[in-house]
Each structure stands twice: as C-alpha cells, then as structure tokens.
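Below, in structure tokens: the form predicted alone, a single chain.
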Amino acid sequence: MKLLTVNFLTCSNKSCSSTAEAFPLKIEDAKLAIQQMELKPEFLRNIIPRVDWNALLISTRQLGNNSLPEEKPELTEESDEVLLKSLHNVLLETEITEAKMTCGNCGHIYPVFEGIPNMLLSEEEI
C-alpha cells in the first residue's frame, strides 16, 4: 500500500465518520519497502491539492520520516526538483507492507498484510 493511500483512508465505523479523531488512522508496527518508480511531476502537481497535508505529516512522522515541509507546497512547472523527488519518494515509492492502522476514536485496528489493508468491520461493529 502506497503511503499516499493512507491519506484517503478513514475508519469504517459509522459512528466515527463525523469525528476528527478517526482521521488519519494511526500507523503502528509498520514494515516499509521502497519501490523505485519513474518521477512523474505532473501527477504530483495534480494529486497534492487533494492531499490532506496535516494528515500526511502525521502519517509520515509516525513512520519516522521528517522530510516533508510543514506547509503544503504549491507545485508549479518551475517547482524545485529536490522537493518533487522528496514528495515522489514519500507518496509513491514508500510502501507499507505490514502494519496496524488504528482509529483514534473507536480504537479499531485495521491490519495491513502483504501491502493490503483490511478495512472490513465485524458484524457487531457495523
């Protein structure tokens, strides 16, 4: 699962949908892999406006990565290549292969196994 994906996941429990504590999910016991990919600046310029920057900062710091700037960058055609490469590495090349993602509201744990998050709830939790 790409780190970018975490930025779009929230707790599946209906009672958590309206609480700020349910997003972002807390990442724990993560095993990471780096998958080299071709740098695609246009993709980054298009996806960054859709990313919740504060949630991304929280997630990356939980994984021990402090390379992103505090403020969401405005990417243009002239954007610094070092910044583009850093964003590319964090969002697209960093993969979570195993982890536990925990809802800050209800405490439900969503396991990640072989890079696939299990976002299903049991019948009692629905």
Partner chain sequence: MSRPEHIAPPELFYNDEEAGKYNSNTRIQSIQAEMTERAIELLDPEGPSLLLDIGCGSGISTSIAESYGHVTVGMDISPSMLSVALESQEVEGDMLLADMGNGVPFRAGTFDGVISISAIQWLLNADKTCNIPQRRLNRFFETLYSSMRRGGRAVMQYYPESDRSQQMILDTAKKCGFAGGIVVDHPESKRQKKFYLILQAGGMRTLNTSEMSVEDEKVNAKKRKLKRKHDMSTREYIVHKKDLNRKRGRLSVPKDSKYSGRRRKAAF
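Residue numbers count along the first chain shown, from 1. Quick caveat: nothing in here was measured; it's all calculated off a predicted structure.
Note that the form predicted in complex with its partner chain isn't included here; everything after this is about it.
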| property | result |
| --- | --- |
| Non-hydrogen atom contact residue 81 with its partner chain in the model of the complex at 4.5 angstroms | no |
| Its partner chain contact in the model of the complex: residue 46, any heavy atom under 4.5 Å | yes |
| Contact of residue 20 with its partner chain in the model of the complex (heavy atom, 4.5 Å) | no |
| Non-hydrogen atom contact residue 57 with its partner chain in the model of the complex at 4.5 angstroms | no |
| Residues 1, 9 and 40 all lining its partner chain in the model of the complex, heavy atom within 4.5 Å | yes |
| Interface residues of 97-121 toward its partner chain, as seen in the model of the complex [heavy atoms, 4.5 Å] | 114, 115, 116, 117, 118, 119, 120, 121 |
